[in-house]
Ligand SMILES: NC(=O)C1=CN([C@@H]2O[C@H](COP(=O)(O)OP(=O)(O)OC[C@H]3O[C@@H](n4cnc5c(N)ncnc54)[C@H](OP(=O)(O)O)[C@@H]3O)[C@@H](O)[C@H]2O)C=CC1
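In the block that follows, a single chain appears as structure tokens, in the form predicted alone.
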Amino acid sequence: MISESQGSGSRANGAVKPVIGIIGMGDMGRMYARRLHAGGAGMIYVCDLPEKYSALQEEFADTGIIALPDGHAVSRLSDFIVYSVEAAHIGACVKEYGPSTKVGATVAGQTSVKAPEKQAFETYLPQDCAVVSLHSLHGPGVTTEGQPLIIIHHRGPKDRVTMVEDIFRCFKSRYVYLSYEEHDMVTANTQAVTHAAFLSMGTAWHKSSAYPWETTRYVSGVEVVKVNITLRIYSAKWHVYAGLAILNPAAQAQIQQYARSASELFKLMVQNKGDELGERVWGAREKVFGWTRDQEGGGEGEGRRGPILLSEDVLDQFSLGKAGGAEKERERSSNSHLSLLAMVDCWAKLGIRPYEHLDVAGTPVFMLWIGVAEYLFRSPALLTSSIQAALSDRIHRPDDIEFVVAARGWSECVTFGNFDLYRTRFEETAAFFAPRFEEATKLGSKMIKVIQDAQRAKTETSEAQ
């Protein structure tokens, strides 16, 4: 039986607020602590590795956030405990500190992969504590307002969910309620393939020793989005993507299929099997988006949702490089977009329709990830041009070769479950692109805002009509 007691808490305006504990003070742990404190939460205790205790004390001195020596101390004092650690380390961390959990406390994990978290909580937490877990579907530098906050009620009284909702009210996030299993399936379906695509793009450019914005091939229209997303991914921490890829079984299968899709499509390209390539690409379009071959995207069956991305002329303003007139138009139209063809082909092979998850996981960054594939497949003319380029264009062929090799490499890394290899591959490419991270992040943020404003304006116009 789970105790209903929430401990002494702290009192403000006559109401008792639960004492909050955060174990793990990486970027997300710090974001949680600071935003909860700014939002008027009660007492907040935090900890990180024991050797970081002194530095943590100094950082949070006189802030109202109290650093403690380790997770034992945090667990003993807190009514609501959040494990904000890497998915690969959640088992060891809960094994160490779980037995010290305060009687009747509520425990959550802020990991991107929930299968290891669920196993750790069920194995090492006392039976008298509740589990109401979390996942903010955004990075620490993104505003929490309007973003999806997954809440998972795994065990314990329903009022614990209410308590968690009240604690995070200050985030102004959009609550989405899932089970552990549903969470991992949704995140795999919306992120695994897109991560694989853009990670592979970055590795391909790195191995080619070529910054994409230094040629006229990747500085306009949809290419702008591809470059900005790739740099945005590589500017983050490697473990954010490694955990999802390696520890989520659904994600592993999808990444393996993505590599197969890239390889098989490329073989059709170099063998000049146009009929087979076209049949496969158009078939994938219909399976994933529901659009027939001659139908413009956005027709019957899609409801009132408009395209995610904007016109190429608007996207051009967010380029890291410059291209001129005729040459720009020639090279823009010649790209096979193999990375995007493989993305949709992979979804089709696995029977995945990621658009079904837009309402759940529709963060601005995710909308960009999926929107760039939608942009290509929405227009029959653009997709026809892409297929023709795949068969005849030689300008991008070296890049396509590097891309297929990169996709295979990432797939093997995930299949082997090798975190060290994953980190090495990621950080080598990240170091290559590092000089442009700040500029790309700023441009990417502006692009997201322009897209959001345009979508909001369309919605308001439709509602007014």
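One-based numbering along the sequence shown. From a predicted model like this one, the values you see are computed outputs, not experimental measurements.
What comes next is about the form predicted in complex with the ligand, which is not displayed.
- The ligand is not drawn, but in the model of the complex it has no heavy atom within 4.5 Å of E427.
- Although the partner is absent here, M28 sits close enough that one of its heavy atoms falls within 4.5 Å of the ligand in the model of the complex.
- Within this chain, S112 lines the site of the ligand in the model of the complex, having a heavy atom no more than 4.5 Å away.
- Remark: R76 does not count among the residues lining the ligand in the model of the complex, judged by a heavy atom distance of 4.5 Å or less.
- Of the candidate stretches 154 to 162, 247 to 255, 89 to 97, 376 to 384, only 89 to 97 has residues with heavy atoms within 4.5 Å of the ligand in the model of the complex.
- Taking a 4.5 Å heavy atom cutoff to the ligand in the model of the complex, the contact residue among R285, H206, K226, H138 is H138.
- This chain appears without its partner; in the model of the complex, the one residue of M185, V240, L149, I395 with a heavy atom within 4.5 Å of the ligand is V240.
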